[in-house]
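What follows is one chain in structure tokens, specifically the form predicted alone.
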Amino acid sequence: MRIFRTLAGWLVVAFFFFPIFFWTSVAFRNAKDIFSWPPKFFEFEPTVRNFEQVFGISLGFGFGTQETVNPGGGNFYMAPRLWDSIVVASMSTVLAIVVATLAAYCLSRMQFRGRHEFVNWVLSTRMMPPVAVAIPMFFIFKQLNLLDTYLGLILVHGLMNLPLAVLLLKSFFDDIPAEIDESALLDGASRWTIFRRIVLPMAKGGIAASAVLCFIFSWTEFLFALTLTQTGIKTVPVVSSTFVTSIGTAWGNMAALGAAAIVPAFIVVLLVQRHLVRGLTMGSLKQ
């Protein structure tokens, strides 16, 4: 029975891993091997040409004959766009988590009139489809000179992730016994001291889990990034739709950018992996 469970587990892993493997392998193929039929999963001549064109660098090694690449040159030079995504996703995550942590702690610990209605309102903002507010936000940001700026996109992505972060963090704070706060208050500690020195360290697993979700949602967001940016900054999901040329789609370059775009999200998850597992299991055990 254990063997069947193990086999089933590996089949599930293979099912979800195969699209990533295939997309990454396309990044290392030339156009001839990409469209070969039947498809070649391993029997192709690997090349790093697609990565060199996307990042405008000559890797100095590779497989087969590599052509010279001008640094920063080429129609598919996307290194600045990858940096744009890193800045926007990182800063919007920090913004959402800082505001959401304070708001969630207040909603979890403090009793005030309209508290439950406020939680319902926060939840309702998450239900609103982004397309309903994209155009009005375009005109508002145009009046505020926030179009095509890091600040504008960071604010939008931060606000977009804020409801989810507040609701997630509130559930994590709810799982921390309120008696701990009350004992500290009796000992003379202030609310801010309790929050900073006692509750925050206990909730860092939940904060890490919320931060990872906010980063991934910002990293993959398309509609606001398309509407509120023009030429100054562009994120990876937006520029991934620009690989269409007069002679067809540059699948190899698109796959190279997509494979590279996986790395920052993977690094974020890897950095908070220990806290992430703890955060995702918070509240699973009740005394």
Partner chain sequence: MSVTQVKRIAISDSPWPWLLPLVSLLVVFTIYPLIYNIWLSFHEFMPRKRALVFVGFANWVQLWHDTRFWGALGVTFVYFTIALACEIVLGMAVALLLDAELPGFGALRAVLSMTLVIPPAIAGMMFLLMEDPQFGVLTYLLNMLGLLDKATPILATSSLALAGVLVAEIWQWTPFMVLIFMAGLRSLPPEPYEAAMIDGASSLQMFRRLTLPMMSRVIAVAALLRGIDLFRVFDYVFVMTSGGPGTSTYSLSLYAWQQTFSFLKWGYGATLSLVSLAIVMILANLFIRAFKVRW
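On a predicted model such as this, the values are computed, not experimentally measured, just so you know. We call the rigid core whatever largest set of C-alpha positions still superposes within 1.5 Å between the two forms. Numbering follows the first chain given and starts at 1.
This protein has a second form, the form predicted in complex with its partner chain, left out of what is shown; the following refers to that one.
Novice: How about M127: is it within 4.5 Å of its partner chain in the model of the complex, going by heavy atoms?
Specialist: Result yes; M127 sits at the interface with its partner chain in the model of the complex.
Novice: Closest heavy atom of L271 to its partner chain in the model of the complex, within 4.5 Å or not?
Specialist: Contact check for L271: no, nothing within 4.5 Å of its partner chain in the model of the complex.
Novice: Taking its partner chain as it sits in the model of the complex, is S190 in contact with it (heavy atom to heavy atom, 4.5 Å or less)?
Specialist: S190: contacts its partner chain in the model of the complex.
Novice: Would W219 count as a contact of its partner chain in the model of the complex, using a 4.5 angstroms cut-off between non-hydrogen atoms?
Specialist: Contact check for W219: yes, within 4.5 Å of its partner chain in the model of the complex.
Novice: Just one stretch in 140 to 148, 176 to 184, 86 to 94, 203 to 211 has heavy atoms within 4.5 Å of its partner chain in the model of the complex, so which one is it?
Specialist: Residues of 140 to 148 come within 4.5 Å of the partner.
Novice: Relative to its partner chain in the model of the complex, which residues of 151 to 166 have a heavy atom no more than 4.5 Å away?
Specialist: If the 4.5 Å heavy-atom criterion is applied to its partner chain in the model of the complex, 151 to 166 yields V156, L159, M160, L162, V166.
Novice: Superpose on the rigid core, then tell me if the C-alpha of F222 is displaced by 2 angstroms or more between this form and the one not shown.
Specialist: It does not, since the F222 C-alpha is displaced less than 2 Å between this form and the one not shown after the core fit.
Novice: So with the core overlaid, does the Cα of P39 end up 2 Å or more away between this form and the one not shown?
Specialist: Yes: P39 shifts by at least 2 Å between this form and the one not shown.
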